[in-house]
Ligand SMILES: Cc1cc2nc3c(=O)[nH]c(=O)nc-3n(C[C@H](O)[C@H](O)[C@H](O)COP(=O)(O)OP(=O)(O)OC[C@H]3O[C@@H](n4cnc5c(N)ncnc54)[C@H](O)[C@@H]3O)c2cc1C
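The chain below stands alone and is given as structure tokens, in the form predicted alone.
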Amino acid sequence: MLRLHPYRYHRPRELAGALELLKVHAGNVMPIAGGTDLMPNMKHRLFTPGHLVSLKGVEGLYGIEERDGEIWIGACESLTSVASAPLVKRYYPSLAFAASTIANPMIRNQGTIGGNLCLDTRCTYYNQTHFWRQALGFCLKRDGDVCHVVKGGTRCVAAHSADTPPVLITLGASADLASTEGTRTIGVEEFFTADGVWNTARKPHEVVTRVRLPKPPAGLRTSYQKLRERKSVDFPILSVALAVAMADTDTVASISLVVSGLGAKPRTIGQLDDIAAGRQLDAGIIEAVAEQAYRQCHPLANIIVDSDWRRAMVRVYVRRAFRDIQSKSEAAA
């Protein structure tokens, strides 16, 4: 049985109190919301904070509402709430679907949108017990100085495995962060870095308070596709988020495509508007976009699934995303 180490659990009722606790215990404290990823990692001794600051009782971190031309989602809203919220389903069906595919109902009931945004990266050589990792000599991400994925590598390449961030990027979402030093807003795309040890721009003493999404333009078509070893519970080994803005019924205005599950941050596929903008969305455009994604994506051996096969699946899942938006468009016609 894997046991938790001793720690002190704090339950503040106000955000200011939570932020003060994170400041006072800096270096030996972590915030916790749903805890669906943090608690298993603590049992594996990947994190051993002496203090946990619960955000679940902070009222200001809840709510899904329309404000100032945006949809605001409180960071402590459960994944179940995000998946079922009428505003999210109406304006951002791909986000609702992505949230609904995470793990299982019990995890979605407990896990939060803020937690999913801040989800730790994963790797074959990292997400193991302390005994297992010690036998291997540890790794660059925790307790060691060697990357077992990239021999001689100096930067951790553990995989980003969260479902909602790729979709949030395609929707132009931003995140609000707070600390005792003040508040700031950062685009979800800029929120992530390429360092798998700490792959977000969030500082240890900061808390994500909400996610903000702009109202989608008329005619925006979106899809989320997820490859995993089993159709439930498992983390994605590849995910594809797609948003296509249409100038009219048949003509593409712009395309946003984000592929994740491969490296330490979601990858936004570049130069797609050069391929598709101002043209009809036909089989040729779809194939050109799929090929562009394939060229730009290079999975690493950070997950126990063949890297070449995962790369080959990039084309397949990009095509599936386009087929999905086309079938939805036909159904709505």
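Please read these numbers as outputs of a predicted model, since none were measured by experiment. A residue's number is simply how far along the shown sequence it sits, counting from 1.
Just so it is clear, the following notes concern the form predicted together with the ligand, a form of the same protein that is not shown.
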| item | value |
| --- | --- |
| Listed residue (Asn116, Ser94, Ser260, Thr170) with a non-hydrogen atom within 4.5 angstroms of the ligand in the model of the complex | Asn116 |
| Interface residue in the model of the complex among Ile269, Ala290, Ala276, Leu38, criterion: non-hydrogen atom within 4.5 angstroms of the ligand | Leu38 |
| Whether Met30, Leu55 and Val208 all lie within 4.5 angstroms of the ligand in the model of the complex by heavy atom | yes |
| Candidate stretches 80 to 88, 116 to 124, 248 to 256, 182 to 190 - the one whose heavy atoms come within 4.5 Å of the ligand in the model of the complex | 116 to 124 |
| Close approach of Lys226 to the ligand in the model of the complex, 4.5 Å, heavy atom | yes |
| The ligand contact at Thr112 in the model of the complex, heavy atom, 4.5 Å | yes |
| Non-hydrogen atom contact Ser161 with the ligand in the model of the complex at 4.5 angstroms | yes |
| Heavy atom of Pro299 within 4.5 Å of the ligand in the model of the complex | no |
| Residues of stretch 210 to 235 in contact with the ligand in the model of the complex (4.5 Å, non-hydrogen atom) | Lys226, Val233, Asp234, Phe235 |
